[in-house]
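In structure tokens, the next block holds one chain alone, the form predicted alone.
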């Protein structure tokens, strides 16, 4: 590991000021599960590393008038054990359980998972299905945008120089919305996803209302399957309707062939994943 300057921020304000002072060369350290690996293999010094793990506000989970707030510094273990998550967005617990090993879940943060922005991230699909927003802080102020706008490409987000992710918000209108999540990997644990799927929907008079379907590891970023959602909205809850929506969702994805799985296998997994998560959201037993 190459030498670098180390600073520890005591507040979000201090962190934002340091970002403005040191420019694009500064690296943010929270859990470090990704960054430390990068630093060990870096060919040159990262310049400045700023530790934000001691900022209490970044780890907070709370509910207020606009929804459920999950601080970017909240660890996956904190998400798994928090009663507000269990009450308002339990599918987030299912997703957190699939992140790495217990040591990774204890240290890794949801903000780091989103900022790293790998297509196979486990936390993204549920948050996209629940139409989460992200809050970014920088020298020019605070801005809030949809999580789907935050993702630009593999390992690339919309974060501008001098900005940091500070909060994730699931809107109040979606708190308690029934949702399901599933991850397919080459083994039970500590595996990168071949496909991640999440679905959320209200069930009104036996019909799907405001369905949302999200997929990971099947495109350059986590995607929403809007054609499948449109086909499902207002339709009666049935295996046939769910199966048709799953087929449409597979058609919206752009999986690749690689050494871990073929495109055709991933397409099959998408259909299975969407069927199972929609069934879970609808309260059906599914496959």
Partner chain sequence: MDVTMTVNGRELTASVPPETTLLKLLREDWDLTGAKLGCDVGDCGACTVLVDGTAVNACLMLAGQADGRQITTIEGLADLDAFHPLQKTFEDLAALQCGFCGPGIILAAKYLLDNNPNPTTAEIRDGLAGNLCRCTGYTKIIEAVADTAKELAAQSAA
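Positions refer to the first chain, counted from 1. Owing to the predicted nature of the structure, the values given are computational and were not obtained by experimental measurement.
Omitted from view is the form predicted together with its partner chain, to which the following refers.
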Handout entry: Stretch from 176 to 184, 131 to 139, 147 to 155, 97 to 105 whose residues place a heavy atom within 4.5 Å of its partner chain in the predicted bound form
Key = 97 to 105
Handout entry: its partner chain contact at residue 58 in the predicted bound form, heavy atom, 4.5 Å
Key = no
Practice task
Report yes if any heavy atom of residue 257 sits within 4.5 Å of a heavy atom of its partner chain in the predicted bound form; otherwise report no.
Solution key: no
Exercise for the section: Mark residue 36 yes when one of its heavy atoms lies within 4.5 Å of a heavy atom of its partner chain in the predicted bound form, and no otherwise. Expected result: yes
Practice task
Answer yes if any heavy atom of residue 29 is within 4.5 Å of a heavy atom of its partner chain in the predicted bound form; otherwise answer no.
Solution key: yes
Practice task
Report yes if all three of 1, 51 and 189 come within 4.5 Å of its partner chain in the predicted bound form by some heavy atom, otherwise no.
Solution key: yes
